[in-house]
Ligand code: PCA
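Single chain ahead, by itself, as structure tokens, in the form predicted alone.
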């Protein structure tokens, strides 16, 4: 099995992005699967173009993308991507679409195809906070979540995809009051555990982890 794992470059006012820093620290093989690492830009359409080029080059079985979610306190395993770009801030090339579809010809939403709850359970087994998330936002992370699902649906049937959001690193919150963070070591271990679950879990598990609001 080959798994393409992507992480973003820094965006906003940050000088570091924990997603690509975590990807860099992953071993080259996890649970017998070959790990292919790729940095993508925090730029809406360019990010998807780079991922599709990597799919063509490496023919991975799974595409797992990782993004920064400043303000979240755990590793969030995304369940769904929605067909909307509604950027609160510009991306790294100044694009700021408002209420535009990611793919005009696509459906309203896609569920990811990795075992979301199994991944959450495996991360927690390592003593690391994790949860199922039902929103990837409406910035580039959701653009990638939805966009990869659409690529798989129309061009690469049989492949699977998923998305993880991780918190700020401690050094990112020294000037942010009451802002949660997670160590680099813990995030790397958590992402590795999530990948192990992808490799070893052919079907989703049942786990009570819904939300009341």
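Just so we're clear, the structure is a prediction, and the values are computed from it rather than from any experiment. Numbering follows the first chain given and starts at 1.
One more form of this protein should be noted, the form predicted together with this ligand, which is absent from this view; the next part is about it.
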Among 22 to 30, 176 to 184, 150 to 158, 63 to 71, which stretch sits within 4.5 Å of this ligand in the model of the complex, heavy atoms only? 63 to 71
Examine residue 140 and determine whether its closest non-hydrogen atom to this ligand in the model of the complex is within 4.5 angstroms. yes
If you check in the model of the complex, is residue 47 within 4.5 Å of this ligand, heavy atoms only? no
Can you tell me whether residue 42 touches this ligand? I mean in the model of the complex, with a 4.5 angstroms heavy atom cut-off. yes
Out of 94 to 111, which residues reach within 4.5 Å of this ligand in the model of the complex, heavy atoms considered? none
